[in-house]
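Just one chain is shown here, as structure tokens, and it is the form predicted alone.
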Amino acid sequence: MLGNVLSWDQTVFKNGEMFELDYVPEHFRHRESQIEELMFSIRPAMKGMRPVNTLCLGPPGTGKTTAILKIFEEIEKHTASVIPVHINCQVNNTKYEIFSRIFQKIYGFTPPSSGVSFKKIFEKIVKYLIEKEKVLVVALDDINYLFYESEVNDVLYTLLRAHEVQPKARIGVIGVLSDIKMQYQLDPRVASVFLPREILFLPYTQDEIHDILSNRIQYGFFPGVIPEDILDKIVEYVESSGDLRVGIDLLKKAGLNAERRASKCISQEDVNEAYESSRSVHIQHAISSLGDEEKVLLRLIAEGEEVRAGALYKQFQEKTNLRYTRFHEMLNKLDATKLINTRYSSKGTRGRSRLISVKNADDILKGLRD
């Protein structure tokens, strides 16, 4: 019995970094074909040409971001002629913020947040690319956030038509879209030049999930921490959620639960307790990207019953004094990130009306509190 008890200075974790959601594994498993297709799109940049524009499509937690980060890591190891820039559009979702991130990558410092025009920032970026004979590859991760902030056309137009202003500019774009049902309609002037090559990231199979988590366990925990039957249960949880991040977060929290019990082995109870918070990891991730007014709107929806858009707007306006156009954009964003449910009803004096609700109110309210 005592052999299964941790002493005060022991841990079940050999390398806890393996269970962080932003960890990029050295060996990226079961996405070899997608990696190969991405490299095909970027390869022209190695020869001084514009890369093939690409769109990575697939549900959350299917390896899109990791694939891009792995390739960008390899590019930076092997060539100085290509400048890869990864941008999280949940965090940087305006044209100014996006080009400030590109500027920072090139020059090593962030341009002032005020007093410098966008035109000046863009000119410095293009000037550097031409003078140093560099090719810029920009990955717009969660590009759907630019649609709801009405920025996508300006951002893509500026990037992809830069060579029309400066003929020697070489820029390519990789878009990452986590909502494969979304119709990414672009302005014709942008669509005619974007023309992305689509790469599909399907959900991992049960065997792939088992293999990936086994690898994390091998390098992240000490031997014997997780029995095989416990791992099988975690794999079931991941498969039902469709998001590998649930499993990675679940392993971390189950390990912490075992340590709290001073145990060298994770039990089913540790997993069950951890799953209560890990199953909503996508909710916590989505909420962390929201602005203050968006959180106000989400709280109103989560705290109430199903409500019509008009009535919800009245409540929202009382708290924020924002106009309906902005309210409508926020509603679309919350819908697209799966934080709310919307449906249309034909009943009412003015015809069809939009009905809004949430499915996991308790999880959302907890996420708003954390």
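Please read these numbers as outputs of a predicted model, since none were measured by experiment. Don't overthink the numbering: it's just position in the shown sequence, from 1.
Here the subject shifts to the form predicted together with a small molecule, a form of this protein not shown in this document.
J.: Indicate whether residue 28 is a 4.5 Å heavy atom neighbour of the small molecule in the predicted complex.
T.: Close contact exists here: in the predicted complex, residue 28 approaches the small molecule to within 4.5 Å, heavy atoms only.
J.: Does any heavy atom of residue 361 come within 4.5 Å of a heavy atom of the small molecule in the predicted complex?
T.: Flag for residue 361 set to no.
J.: Quick one: is residue 64 in contact with the small molecule in the predicted complex, heavy atoms, 4.5 Å cut-off?
T.: Yes.
J.: Spell out, yes or no, whether the shortest heavy atom distance between residue 204 and the small molecule in the predicted complex is within 4.5 Å.
T.: Taking the distances in the predicted complex, the answer for residue 204 is yes, it comes within 4.5 Å of the small molecule.
J.: Would you mind picking the one in 173, 248, 125, 225 that has a heavy atom within 4.5 Å of the small molecule in the predicted complex?
T.: Of the candidates 173, 248, 125, 225, 248 is the one lying within 4.5 Å of the small molecule in the predicted complex.
J.: Which pick from 216, 279, 253, 299 sits with a heavy atom within 4.5 Å of the small molecule in the predicted complex?
T.: The option sitting close enough to the partner is 216.
J.: Does the small molecule, in the predicted complex, lie within 4.5 angstroms of each residue among 51, 82 and 159, using heavy atoms as the measure?
T.: No residue of the spot touches the small molecule in the predicted complex.
J.: Select, from the options 225 to 233, 88 to 96, 240 to 248, 253 to 261, the stretch whose residues sit within 4.5 angstroms of the small molecule in the predicted complex by heavy atom distance.
T.: Heavy atoms within 4.5 Å of the small molecule in the predicted complex occur in 240 to 248.
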